[in-house]
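Single chain ahead, written as C-alpha cells, the form predicted on its own.
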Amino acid sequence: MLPLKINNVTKIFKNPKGQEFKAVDGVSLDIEPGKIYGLLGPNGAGKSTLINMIGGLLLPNQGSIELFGLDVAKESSKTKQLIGVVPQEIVMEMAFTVEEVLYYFSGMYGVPRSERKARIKAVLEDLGLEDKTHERARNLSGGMKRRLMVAKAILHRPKLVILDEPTAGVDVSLRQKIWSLVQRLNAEGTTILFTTHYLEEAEQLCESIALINHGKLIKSGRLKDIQQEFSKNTIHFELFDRTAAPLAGVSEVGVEYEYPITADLATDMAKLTSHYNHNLKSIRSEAASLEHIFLKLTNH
C-alpha cells in the first residue's frame, strides 16, 4: 500500500480582487514506501499548499489524496495519526515547557501514557534538546524552536514524515543533525517527504524527486534517472573568467555552461579544452547537477 497517493489534485484560491488562481493545478503523484522523496520548486510553486492538503489543513477543489489507502478529506482523524508534519511556520504553545508541549502532543496522537516520558527523552536527545526539557518554548532560539517542531512531528513514530523547509534559517550544525535524523528514520522504515530550497540537500538525501512550478508537476522520478536524462549528449563545464569569448553552441545554465556533443565525446572535449584552455575550472560529461536540472526546467 502506498504511503501517499495524490490523484489529480487542484486547489483554487481567490486574490483580494476576487480573481481565482490555481495554487496547485492537476497534480498526481505516488510516493512509494521506504523512500526519501524531495518536493522541489521555486517560491510560490504550490509546495506548501500541497503539503497543507496532505495534512488535512486544506481541502482540494478537485481530486483526492490518500494516505495508506485512506481518503484524507473523508477520514482526516485517522490519517493524522499516521503522519507527522513539520510546517514552515513555527507553531507551538509558547507558555508551556518543552516537555509539556511534547507530553500534550504525545497524548493527542495516542502514545500510551506509560511510554510518553521515555519517548520524549529519546526524541530530545536525538535533536540535542535534552538540556531544554524544562525551558519554556517562548524562550528558545529560532533554531531550538525548529528542533521542537521536528520533535512534535516524530514523537508518535508516524509511518510518513512530511517536512516543509525543515532546515530553513538554521545553522550548519543543526542542518547536519536534521539530515542525520532523516536518514536514520528512513533506515528504520519511515517514508520521508520534504521540501527544500537547498538543492545540495535534496541531492544528498533524496532517492526520488518531484519538481513543481506554477502549481503543475513538471518532472518526477528517481533522481539518478533524471540526472542521466539531462546529461545525455551534453558536456558541462565551469570557467574561472565568465567574460571569456564563448564557443559557438555553448549555453549558460546557472553557474555552469553546457555544450552539446556534436561529433563524439573525445573530439568535443578537445575542442572545448583548446578554446578555453587554462580558463576551464571544471569539465565533465557525467550526470547533471540538480541545480542544472532545476534551472533548466523552471527558468529560475
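This one's a predicted model, so the numbers in the text were calculated from it and none came from an experiment. One-based numbering along the sequence shown.
This next part talks about the form predicted in complex with a small molecule, which is not shown.
A heavy atom within 4.5 Å of the small molecule in the predicted complex is found for one listed residue only; from K117, H197, R184, R157, this is H197.
A heavy atom within 4.5 Å of the small molecule in the predicted complex is found for exactly one of P246, G254, G44, G34: G44.
Shown alone here, Q88 lies within 4.5 Å of the small molecule in the predicted complex, counting heavy atoms only. Though the partner is left out of this view, D126 does not reach within 4.5 Å of the small molecule in the predicted complex, counting heavy atoms only. Proximity of A288 to the small molecule in the predicted complex: non-hydrogen atoms within 4.5 Å are absent; the residue sits far from the partner. The shortest heavy atom separation between S48 and the small molecule in the predicted complex is within 4.5 Å. Comment: 36-44 is the region of 238-246, 36-44, 269-277, 63-71 lying near the small molecule in the predicted complex, near meaning a non-hydrogen atom within 4.5 Å.
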